[in-house]
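Quick setup: one chain, the form predicted on its own, written in structure tokens, and binding and motion questions come after.
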Amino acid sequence: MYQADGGRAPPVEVRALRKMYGEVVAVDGIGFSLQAGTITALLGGNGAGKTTTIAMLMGLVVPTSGDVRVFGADMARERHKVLHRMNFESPYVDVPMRLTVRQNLEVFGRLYGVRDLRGRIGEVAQELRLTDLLDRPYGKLSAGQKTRVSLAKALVNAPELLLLDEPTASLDPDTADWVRSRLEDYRQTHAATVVLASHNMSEVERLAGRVIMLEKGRIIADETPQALIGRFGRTNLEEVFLAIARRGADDAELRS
């Protein structure tokens, strides 16, 4: 288990976390702690519990039992204390289509109480190559441009905790590589803690120093990508992921 430094509360601490939807167990008693300034990948196939876990990290879903603490705050009851210190990005979540990029960033910046919002929007737009798009309606952008706007929205409040869901989806390989470089730079310059959910295993190998692998709501591995590859006797993380996914499919066939 990862420990907090200097007695301070870790950015994320999950303890005996469990979530049930009726008779279905989505998350089954997991626990982990994240160190500041690290990138951790949360991996697993469909139905493994990733989305539910991230929703509980954000305080959007209340656990059936156990708890999630972000910067020491109980996210089921005290998320208002720390929401300004975190943010979330997913290219699958659209912002208002009729508003321009600038207007969307202004709305979210005000929600997060960003000081010198105009200056911050200029900074993040320059960092993500959005300056020429600021006054265009969001709905008129390409899929790749929308992905960059989603990332700009997630960075507008300079979060200490950044939750990413497929951050380079819809991007061409060159732009995706460029975005990964920006994420690495952001993590280093802001000492930010990043949680990454991705099906791009080469992306995970590049960005993440730690992998938490979920299967059927439980943690089945929690180690570095290199250690995970070695433990499963594979040559890369994609082969590990496929081996676990196919093992689950084979088990399902045996039970049917």
Partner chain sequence: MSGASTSRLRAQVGPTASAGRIWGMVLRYWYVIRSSWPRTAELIYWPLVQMLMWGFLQIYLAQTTSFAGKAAGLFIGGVLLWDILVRSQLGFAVAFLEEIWSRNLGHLMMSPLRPTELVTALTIVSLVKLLVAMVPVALLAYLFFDFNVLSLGIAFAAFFANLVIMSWSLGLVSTGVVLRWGLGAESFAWLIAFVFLPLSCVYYPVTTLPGWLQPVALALPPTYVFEGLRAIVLNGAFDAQLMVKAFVLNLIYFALGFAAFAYFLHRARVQGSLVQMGE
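Everything quoted here is computed from the prediction, not taken from an experiment. Positions refer to the first chain, counted from 1.
Only in words, not in the display: the form predicted together with the partner chain, which the text now covers.
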{"query": "Answer range among 26 to 34, 217 to 225, 186 to 194, 203 to 211 for contact with the partner chain, defined in the predicted complex as heavy atoms within 4.5 Å", "finding": "186 to 194"}
{"query": "4.5 Å heavy atom contact with the partner chain in the predicted complex for all of R79, D94 and R182", "finding": "yes"}
{"query": "Interface membership of K140, the partner chain in the predicted complex, 4.5 Å heavy atom rule", "finding": "no"}
{"query": "The partner chain contact at R136 in the predicted complex, heavy atom, 4.5 Å", "finding": "no"}
{"query": "Partner contact for E166 in the predicted complex: the partner chain, 4.5 angstroms, heavy atom", "finding": "no"}
{"query": "4.5 Å heavy atom contact, V61 to the partner chain in the predicted complex", "finding": "yes"}
{"query": "Stretch 197 to 220 - residues with a heavy atom within 4.5 Å of the partner chain in the predicted complex", "finding": "none"}
